[in-house]
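This document starts with one chain, in the form predicted on its own, laid out as C-alpha coordinates.
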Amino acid sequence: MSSKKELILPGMPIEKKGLKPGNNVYVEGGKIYSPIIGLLDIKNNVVNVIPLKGSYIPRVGDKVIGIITNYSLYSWSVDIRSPYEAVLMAAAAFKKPLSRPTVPLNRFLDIGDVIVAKVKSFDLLSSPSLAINERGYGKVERGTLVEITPVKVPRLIGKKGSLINLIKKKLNVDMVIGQNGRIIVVGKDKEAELKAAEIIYRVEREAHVPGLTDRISKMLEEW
(Lines give C-alpha, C1' and ligand atoms only; values in the text may rest on other atoms or scores of the structure.)
Protein backbone atom coordinates (compact mmCIF):
# COMPACT_ATOMS: atom_id res chain seq x y z
CA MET A 1 0.00 0.00 0.00
CA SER A 2 1.32 3.42 -0.85
CA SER A 3 1.99 6.04 1.78
CA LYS A 4 -1.06 8.02 2.85
CA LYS A 5 -0.92 11.08 5.07
CA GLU A 6 -3.83 12.89 6.74
CA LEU A 7 -4.31 14.63 10.06
CA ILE A 8 -5.19 12.27 12.92
CA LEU A 9 -6.57 13.38 16.30
CA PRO A 10 -6.62 11.41 19.56
CA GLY A 11 -9.76 9.24 19.66
CA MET A 12 -10.21 9.31 15.90
CA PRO A 13 -10.61 5.68 14.70
CA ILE A 14 -8.43 4.36 11.91
CA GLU A 15 -10.11 1.44 10.15
CA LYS A 16 -7.88 -1.60 10.71
CA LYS A 17 -8.83 -3.70 7.65
CA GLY A 18 -5.85 -6.02 7.93
CA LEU A 19 -3.37 -3.26 8.68
CA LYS A 20 -0.74 -3.70 11.37
CA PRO A 21 -0.17 -1.11 14.15
CA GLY A 22 3.18 0.67 14.11
CA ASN A 23 4.49 3.71 15.96
CA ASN A 24 2.31 6.03 18.07
CA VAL A 25 -0.85 3.94 17.69
CA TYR A 26 -2.77 1.30 19.65
CA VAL A 27 -5.57 -1.16 18.89
CA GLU A 28 -8.93 -1.15 20.64
CA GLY A 29 -12.17 -2.77 19.53
CA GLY A 30 -10.72 -3.85 16.20
CA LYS A 31 -9.76 -0.30 15.26
CA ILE A 32 -6.50 1.61 15.44
CA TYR A 33 -6.24 4.84 17.42
CA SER A 34 -3.46 7.32 18.15
CA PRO A 35 -2.85 9.02 21.52
CA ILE A 36 -1.33 12.05 19.78
CA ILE A 37 -2.04 14.62 17.08
CA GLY A 38 -0.10 13.70 13.96
CA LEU A 39 -0.06 12.63 10.35
CA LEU A 40 -1.32 9.21 9.28
CA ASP A 41 1.43 7.29 7.51
CA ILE A 42 0.62 3.89 5.96
CA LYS A 43 3.47 1.96 4.38
CA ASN A 44 3.66 -1.74 3.63
CA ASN A 45 0.36 -2.27 5.48
CA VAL A 46 1.78 -0.80 8.69
CA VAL A 47 -0.01 2.17 10.28
CA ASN A 48 2.12 4.87 11.92
CA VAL A 49 1.27 8.34 13.14
CA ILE A 50 4.01 10.94 12.76
CA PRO A 51 3.88 13.53 15.57
CA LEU A 52 3.54 17.09 14.36
CA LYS A 53 5.54 18.39 17.30
CA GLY A 54 5.81 18.34 21.04
CA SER A 55 5.98 15.53 23.52
CA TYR A 56 7.71 12.20 23.32
CA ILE A 57 5.54 9.06 23.29
CA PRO A 58 7.48 6.18 24.90
CA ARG A 59 8.16 2.90 23.11
CA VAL A 60 9.52 -0.23 24.73
CA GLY A 61 13.26 -0.51 24.11
CA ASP A 62 13.82 3.21 23.52
CA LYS A 63 16.86 4.87 25.04
CA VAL A 64 15.80 8.02 26.89
CA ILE A 65 17.50 10.67 28.97
CA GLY A 66 15.52 11.45 32.09
CA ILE A 67 15.68 13.81 35.05
CA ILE A 68 14.84 12.58 38.55
CA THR A 69 11.89 14.59 39.93
CA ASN A 70 11.03 12.66 43.12
CA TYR A 71 11.68 9.46 45.03
CA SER A 72 9.90 7.16 47.46
CA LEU A 73 10.90 4.08 49.44
CA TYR A 74 11.16 1.79 46.39
CA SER A 75 11.21 3.97 43.27
CA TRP A 76 12.04 7.28 41.58
CA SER A 77 9.81 9.50 39.45
CA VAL A 78 11.49 10.54 36.20
CA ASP A 79 10.74 13.32 33.71
CA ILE A 80 11.23 11.98 30.18
CA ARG A 81 9.59 14.90 28.29
CA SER A 82 6.40 12.91 27.90
CA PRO A 83 2.79 13.40 28.97
CA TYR A 84 3.44 10.25 31.02
CA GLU A 85 5.77 10.52 34.02
CA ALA A 86 8.10 7.54 34.12
CA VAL A 87 8.93 5.31 37.07
CA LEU A 88 12.29 3.76 37.86
CA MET A 89 11.91 0.95 40.38
CA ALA A 90 14.86 0.25 42.67
CA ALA A 91 14.97 -3.34 41.38
CA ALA A 92 15.57 -2.00 37.85
CA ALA A 93 18.29 0.39 38.96
CA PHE A 94 20.84 -1.97 40.50
CA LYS A 95 22.55 -5.06 39.11
CA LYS A 96 22.38 -6.60 42.57
CA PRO A 97 19.67 -6.18 45.23
CA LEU A 98 20.37 -3.60 47.92
CA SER A 99 21.87 -5.16 51.03
CA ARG A 100 19.89 -2.65 53.11
CA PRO A 101 16.49 -2.01 51.52
CA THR A 102 15.80 0.79 54.00
CA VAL A 103 18.63 2.99 52.68
CA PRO A 104 17.06 6.22 51.28
CA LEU A 105 17.13 6.06 47.49
CA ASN A 106 18.31 9.66 47.18
CA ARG A 107 21.72 8.43 48.32
CA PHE A 108 22.01 6.87 44.85
CA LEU A 109 19.93 9.17 42.65
CA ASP A 110 18.66 12.51 43.92
CA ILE A 111 16.20 15.05 42.56
CA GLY A 112 17.74 16.81 39.55
CA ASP A 113 20.10 13.97 38.64
CA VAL A 114 20.21 13.04 34.96
CA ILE A 115 20.06 9.41 33.85
CA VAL A 116 20.29 7.42 30.64
CA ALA A 117 17.61 4.74 30.76
CA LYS A 118 15.79 2.14 28.69
CA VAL A 119 12.00 2.06 28.44
CA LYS A 120 11.22 -1.32 29.96
CA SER A 121 7.42 -1.32 29.60
CA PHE A 122 4.57 0.97 28.54
CA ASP A 123 0.98 0.30 27.51
CA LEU A 124 -0.82 3.71 27.66
CA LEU A 125 -2.70 2.50 30.76
CA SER A 126 0.16 2.81 33.24
CA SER A 127 3.29 4.90 33.69
CA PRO A 128 6.32 4.02 31.57
CA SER A 129 8.72 1.80 33.49
CA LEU A 130 12.46 2.41 33.09
CA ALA A 131 15.60 0.38 33.71
CA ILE A 132 19.23 1.44 34.13
CA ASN A 133 20.81 -1.81 35.33
CA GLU A 134 22.35 -2.68 31.95
CA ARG A 135 25.64 -1.65 30.43
CA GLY A 136 25.51 1.79 28.85
CA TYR A 137 22.78 3.07 31.16
CA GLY A 138 22.87 4.89 34.48
CA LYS A 139 23.59 8.26 36.06
CA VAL A 140 25.16 10.94 33.88
CA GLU A 141 28.29 12.19 35.63
CA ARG A 142 29.36 14.96 33.25
CA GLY A 143 28.56 16.70 29.99
CA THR A 144 26.14 19.28 28.58
CA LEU A 145 22.43 18.50 28.28
CA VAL A 146 20.76 19.62 25.04
CA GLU A 147 17.06 19.36 24.25
CA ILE A 148 15.43 19.32 20.81
CA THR A 149 12.04 18.33 19.45
CA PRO A 150 11.90 14.51 19.61
CA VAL A 151 10.76 14.14 15.98
CA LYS A 152 13.99 15.89 14.86
CA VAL A 153 16.22 13.19 16.37
CA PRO A 154 16.40 11.06 13.15
CA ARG A 155 17.53 14.14 11.18
CA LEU A 156 20.24 14.86 13.72
CA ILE A 157 21.51 11.30 13.38
CA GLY A 158 21.36 11.35 9.57
CA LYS A 159 21.43 8.44 7.17
CA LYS A 160 23.45 5.60 8.75
CA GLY A 161 24.67 8.06 11.39
CA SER A 162 26.33 10.32 8.82
CA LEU A 163 25.51 13.71 10.35
CA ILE A 164 26.01 12.87 14.01
CA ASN A 165 29.30 11.13 13.25
CA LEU A 166 30.47 14.20 11.31
CA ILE A 167 29.76 16.46 14.30
CA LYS A 168 31.43 14.09 16.76
CA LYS A 169 34.55 13.73 14.61
CA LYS A 170 35.01 17.42 13.81
CA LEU A 171 34.48 18.63 17.39
CA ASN A 172 36.05 15.61 19.11
CA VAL A 173 33.01 15.04 21.30
CA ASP A 174 30.93 12.05 22.26
CA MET A 175 27.15 12.07 22.42
CA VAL A 176 24.40 10.03 24.02
CA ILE A 177 21.16 10.54 22.11
CA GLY A 178 17.79 9.88 23.70
CA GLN A 179 14.75 9.16 21.57
CA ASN A 180 12.94 11.72 23.73
CA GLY A 181 14.97 14.55 22.23
CA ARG A 182 17.57 14.94 24.96
CA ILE A 183 21.25 14.68 24.09
CA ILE A 184 24.25 14.51 26.41
CA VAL A 185 27.36 16.03 24.84
CA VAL A 186 30.70 15.12 26.40
CA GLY A 187 33.82 16.88 25.15
CA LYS A 188 37.38 17.58 26.22
CA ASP A 189 36.23 21.00 27.44
CA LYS A 190 33.08 23.10 27.84
CA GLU A 191 33.79 25.07 24.66
CA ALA A 192 33.62 21.95 22.50
CA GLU A 193 30.36 20.92 24.17
CA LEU A 194 28.78 24.34 23.59
CA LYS A 195 29.85 24.33 19.93
CA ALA A 196 28.22 20.93 19.51
CA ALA A 197 25.07 22.28 21.19
CA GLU A 198 25.01 25.19 18.73
CA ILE A 199 25.21 22.76 15.82
CA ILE A 200 22.46 20.57 17.27
CA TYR A 201 20.11 23.55 17.64
CA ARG A 202 20.81 24.56 14.05
CA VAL A 203 19.94 21.05 12.87
CA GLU A 204 16.64 21.34 14.74
CA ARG A 205 15.82 24.71 13.15
CA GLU A 206 16.80 23.74 9.61
CA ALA A 207 15.90 20.03 9.53
CA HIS A 208 13.36 20.63 6.74
CA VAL A 209 15.74 22.63 4.51
CA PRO A 210 17.63 20.72 1.76
CA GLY A 211 21.43 20.69 1.90
CA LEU A 212 21.63 20.72 5.68
CA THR A 213 24.58 18.33 5.94
CA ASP A 214 26.64 20.46 3.56
CA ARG A 215 25.88 23.60 5.57
CA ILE A 216 26.80 21.92 8.83
CA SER A 217 30.02 20.59 7.30
CA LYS A 218 30.97 24.09 6.11
CA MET A 219 30.20 25.55 9.53
CA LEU A 220 32.41 22.97 11.21
CA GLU A 221 35.26 23.62 8.78
CA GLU A 222 35.15 27.36 9.56
CA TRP A 223 35.60 26.76 13.30
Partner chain sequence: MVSFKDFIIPRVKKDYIISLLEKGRRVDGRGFEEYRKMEIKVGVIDNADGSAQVKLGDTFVVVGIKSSIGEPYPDEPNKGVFIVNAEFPPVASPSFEPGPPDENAIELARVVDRGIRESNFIELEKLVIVPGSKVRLIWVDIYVLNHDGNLIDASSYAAVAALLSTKLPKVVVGDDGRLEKLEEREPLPLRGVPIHVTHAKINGKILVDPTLEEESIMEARLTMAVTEDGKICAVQKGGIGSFTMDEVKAVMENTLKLAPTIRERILGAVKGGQV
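The structure displayed is predicted, hence computed values, not measured ones. Positions refer to the first chain, counted from 1.
Omitted from view is the form predicted in complex with the partner chain, to which the following refers.
Enquirer: Should residue 190 be counted as a contact of the partner chain in the predicted bound form, where contact means heavy atoms within 4.5 Å?
Expert: Result yes; residue 190 sits at the interface with the partner chain in the predicted bound form.
Enquirer: Is residue 112 one of the residues lying within 4.5 Å of the partner chain in the predicted bound form, judged by heavy atom distances?
Expert: Looking in the predicted bound form, residue contacts with the partner chain include residue 112, since a heavy atom lies within 4.5 Å.
Enquirer: For residue 142, is any heavy atom within 4.5 Å of the partner chain in the predicted bound form, or not?
Expert: Yes.
Enquirer: Is there a heavy atom of residue 68 no more than 4.5 Å from a heavy atom of the partner chain in the predicted bound form?
Expert: Yes.
Enquirer: Answer with one of 157, 166, 50, 194: the residue that has a non-hydrogen atom within 4.5 Å of the partner chain in the predicted bound form.
Expert: After the contact test, the surviving option is 194.
Enquirer: Pick from 42-50, 60-68, 157-165, 171-179: which stretch has non-hydrogen atoms within 4.5 Å of the partner chain in the predicted bound form?
Expert: Result for this chain: 60-68.
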